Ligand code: NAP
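Quick heads-up: it's one chain on its own, the form predicted alone, in structure tokens.
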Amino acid sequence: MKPRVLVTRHVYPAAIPILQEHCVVDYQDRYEVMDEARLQKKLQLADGVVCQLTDPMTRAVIESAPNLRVISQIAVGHDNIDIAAATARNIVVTNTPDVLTEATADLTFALLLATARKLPTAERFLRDGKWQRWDVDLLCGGDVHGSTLGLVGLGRIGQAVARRAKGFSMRVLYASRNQAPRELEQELGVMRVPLDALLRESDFVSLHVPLNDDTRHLISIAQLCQMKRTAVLINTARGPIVDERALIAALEEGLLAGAGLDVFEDEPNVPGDLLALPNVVLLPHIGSAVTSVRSLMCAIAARDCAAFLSGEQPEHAVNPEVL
């Protein structure tokens, strides 16, 4: 008998034939997100699930799925999945690393440039018919070329951002639990410093760490107060890494110049106070939103799910100790 797989939401079509070759597929081809109760019901007969970061794969959901053997996430991050609960049940969890690195690094740098140069404000100014003439101080922003970039985290995406920064002759600092190999530091032209020093010295601070207990509200009022008043904070990682209320207060009080955010604490809800600020650029979590990338992410998740249920090793196990 073929194993059963639940696909929780709409995916790019390449994923479905991959699963159907080996599995009976319950494909929920819709954009609505199932709540825990609905997810528990749908998983009663499932051996595997292909899910997304919007799906609440909590301990309760995992423990209520008697046959579940694999959770394949269409994302790199997996903070919506209780990994400990899955591991306790010997359920393998997979994700989709590598493929979205360059797309997210591109978006990070786009946010940095857009925030520094006030591009959304300038476009609205023009579209609203307010542009009457060239003025010497019209919509002047901050320097990017030759400035200092601080990377909090130097994983795949952090490294890709550092490579882009070299083209802008930026001085690049990084803060990380572990020091990168010396050869990599030399290749990227980066220097490791403590987080406090990075915050004090950087003109732009960009976040590239996973969300976990150690990084939740890693950037709060104490850290924001250490940043230059001319500095910009960029977050394309996970929303709760930043204390959103503290960030709003810091921006309102002029403790830093601006922020570029692709992620938020309670997505898709964005505080009205944040929306009202003129010195922020806000995007709806589109870091990897490139058609070829998202399609490949779906296919990778499907392949790992089908492979494991067919008795093979998945390529991207988050908890390989269960294999």
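This structure is a prediction, so every number in the text was calculated from the model and none was measured. All residue numbers are counted from 1 along the displayed sequence.
Although it is not shown, the form predicted in complex with this ligand is what the next lines describe.
For the residues A86, L112, V76, V205, the 4.5 Å heavy atom test against this ligand in the predicted bound form is passed only by V76.
P210 is the sole member of P120, G142, G189, P210 with a non-hydrogen atom lying within 4.5 angstroms of this ligand in the predicted bound form. Of the candidate stretches 273-281, 287-295, 31-39, 63-71, only 287-295 contains residues with a heavy atom within 4.5 Å of this ligand in the predicted bound form.
Shown alone here, R156 lies within 4.5 Å of this ligand in the predicted bound form, counting heavy atoms only. Proximity of L198 to this ligand in the predicted bound form: non-hydrogen atoms within 4.5 Å are absent; the residue sits far from the partner. For the chain shown alone, N178 is a contact residue for this ligand in the predicted bound form, at least one non-hydrogen atom being within 4.5 angstroms. By the criterion of a heavy atom within 4.5 Å, T236 is counted among the residues contacting this ligand in the predicted bound form. At a distance of at most 4.5 angstroms from this ligand in the predicted bound form, none of the three residues D82, N319 and V322 contributes a non-hydrogen atom. Of all the residues from 83-105, those having a non-hydrogen atom no more than 4.5 Å from this ligand in the predicted bound form are L100, T104.
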